[in-house]
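Just the one chain here, the form predicted alone, laid out as structure tokens.
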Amino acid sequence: MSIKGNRVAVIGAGMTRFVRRAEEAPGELAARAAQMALDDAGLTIDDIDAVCLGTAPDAFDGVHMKGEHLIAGAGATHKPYLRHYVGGGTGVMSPIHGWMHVASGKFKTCLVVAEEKMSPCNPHPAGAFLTIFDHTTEQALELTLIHIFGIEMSRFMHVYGYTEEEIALVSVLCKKNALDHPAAQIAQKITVKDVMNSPLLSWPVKRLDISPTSDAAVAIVLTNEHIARTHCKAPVFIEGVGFRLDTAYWCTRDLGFPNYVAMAARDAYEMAGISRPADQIDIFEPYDPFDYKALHHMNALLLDKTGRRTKELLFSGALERDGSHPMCPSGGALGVGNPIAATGLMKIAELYFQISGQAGKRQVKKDVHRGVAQAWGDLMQVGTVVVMGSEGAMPRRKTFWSEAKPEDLAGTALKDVKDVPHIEYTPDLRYAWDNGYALTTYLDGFKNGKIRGSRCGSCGRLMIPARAFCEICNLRPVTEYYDLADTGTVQTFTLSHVNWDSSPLPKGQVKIIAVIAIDGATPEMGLCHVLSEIAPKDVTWGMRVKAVWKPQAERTGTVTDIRYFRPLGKNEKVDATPAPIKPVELDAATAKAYPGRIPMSYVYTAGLGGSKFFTDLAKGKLSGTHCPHCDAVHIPPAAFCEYGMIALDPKGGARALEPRSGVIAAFSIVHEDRAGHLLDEPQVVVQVAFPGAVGSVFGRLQTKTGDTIEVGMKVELVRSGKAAGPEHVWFKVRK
């Protein structure tokens, strides 16, 4: 159901290189991608009516309100601007978000930017995912996404009959395709044997089954049809969009088939007039953070829950770039890289390149009229799908993008962030959650050696964990609570060799994590927990298990009151009849808060502009960057102009300023540190302007008790030595 008169087209794209660690700051990456997209579209930032930004968890950067932090780099200064975020699904939600703005007629043009810098997160970006799990029922198990992917991949293999070697074919395909992509991070020619011999992380997941963590930014320009036909030789139109979210109770749904992706695809196909996707779509860019996920998502994109068609296409070679149904000819996340929020938008850009004939060595052999891109994220629950097409297959064209080489793209790779000026920061973020009505009853069950659920009187589901509403029955109140058996059936499992932060477990240790369908609950409804008293090699799908509880005196009312589940003996009797109970009365004592924290620290590069500033500061010098657009010198040094969205060179465009010429523009006397603790002595924070420059520098002022501080006072910058970071920016009153 397209919106008549408001067709939306992609007419330009830009991207940085995908690297493990980028010297550029997040805003600098976003700005370079945005500038390239504008140049490709033949527009300037003044031609853009609105900006949409996609970026993933603030926990990656440790920057609260990261969307607002990136306004300048996204080209959104003084423009209508919105951030969106649905985990890994963000990159394809980005064009959907922009499409809404233009298709509605509200705006004629929209710049869509997706940026992710994962490298600041220490010890590993995977650690940030600890906090996406339910704080009370799952975080205590110290899960990470690698564990969950292992669980889901195991289920996928079991349901559809794939071997590890067969799934490894996808990694081989994508990494090979990425050899021709100028932005690629880990393009390489590998074999199935290489994948199988790579380090085992959490069976069946191995190192080469996984895409890398990345820093990168991607941008596209969306316009209405009139502008597209005026400014672009080969506009590529967005023909259909779809997005769906499933419940966050991931242990309650079929992990073998992503219904949320299928529903999103059905919506997009209906809008695009597609009834036979396998016959009507020429190129597929499914989200592939793990190799099995590409096949998992292809089943949904082809609307085939049997999985037969995807299997046929894989084994026949049809998914190759020169095959009948090319999949991830870009190289996908597995080959190009996976900067979470930006990955999906890279796939959208790839469809633009392919359909407009600009993919160069990556151009598929067949004529391309239509393609589909898909992304997925959050707690295995988001499906975002975009169908793109043209009115006729374009011939191969020689453009910047068809000939682009890695050195043509911005993005400076680093071996170690600490090789450049950097800032280290360890926030102490602590939380306490009220357990609420249903969860209080659920956790009280653990304290008393019981697994508890609640029953919806409408659909009849007996749900775990117990909850006060039914998410599939219009949030119908749930008032019936039950004690259930502490036995169940293993639906799927993983054999983990890594911790929640991706660090290896001690040699010889294996953590068995399983999804267990609890007896008496709705079929396949259960919980995630660990198994023990069994060798890893002996764990099987469908095995029967029983909870092993801590002694009564040691239980505290948490999921870890169950030490683990063990194999159920052949002759052990099970009473699976649910026993109705009265819910726990909720008061200050029973609804106790559950403590938690984000166990992350951060190491930030200062960025290109910041590096120049701190390098100068160490020597007691100060420079700004001349901007030809503004014909002004910007301080601190900058790698881009947010008003003209043009790249600046902090070194080549440097203009020396007199560090003794500062003037206090504003000041504040601070009595607390940023954690809210009282300082031993108050400090003066000042905003200092310098004659002949645009902008200002913030720092602290060296003072003595009784000193008078006034706006307009003359100050000079103090040499910092080797120290870098805002806490080392000091001024003193000029005598």
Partner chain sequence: MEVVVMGIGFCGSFPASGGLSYRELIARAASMAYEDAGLAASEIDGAVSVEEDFNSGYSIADEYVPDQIGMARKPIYTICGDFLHGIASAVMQIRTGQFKTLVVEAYSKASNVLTKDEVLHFAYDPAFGRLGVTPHYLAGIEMQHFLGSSAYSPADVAEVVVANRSAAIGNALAPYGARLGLSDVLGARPVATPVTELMIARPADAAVVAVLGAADAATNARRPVRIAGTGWASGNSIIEHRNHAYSSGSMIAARMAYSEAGLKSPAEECGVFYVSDIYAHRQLMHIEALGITKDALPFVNPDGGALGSGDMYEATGGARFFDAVKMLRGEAGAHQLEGVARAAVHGWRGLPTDSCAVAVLEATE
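No experiment lies behind these values; they were computed from the predicted model shown. Residue numbers count along the first chain shown, from 1.
This next part talks about the form predicted together with its partner chain, which is not shown.
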Which of these residues, Cys174, Met153, Met93, Ile220, gets a heavy atom within 4.5 Å of its partner chain in the predicted bound form? Met93
Pick from Ser454, Asn299, Asn435, Ser496: which has a non-hydrogen atom within 4.5 Å of its partner chain in the predicted bound form? Asn435
Please determine, with the chain shown alone, which of 279-287, 443-451, 210-218, 130-138 has non-hydrogen atoms within 4.5 Å of its partner chain in the predicted bound form. 130-138
In the predicted bound form, is there a heavy atom of its partner chain that lies within 4.5 Å of any heavy atom of Lys366, even though the partner is absent here? no
Please check if Gly721 has a heavy atom lying within 4.5 Å of any heavy atom of its partner chain in the predicted bound form. no
Can you work out whether Ala30 and its partner chain are in contact in the predicted bound form, taking contact to mean some heavy atom pair no more than 4.5 Å apart? no
Within 4.5 Å, heavy atoms only: does Gln188 come near its partner chain in the predicted bound form? no
Taking its partner chain in the predicted bound form and a 4.5 Å non-hydrogen atom cutoff, the residues of 598-618 making contact are Ile598, Tyr602, Tyr604, Ala606, Gly610, Phe613, Phe614
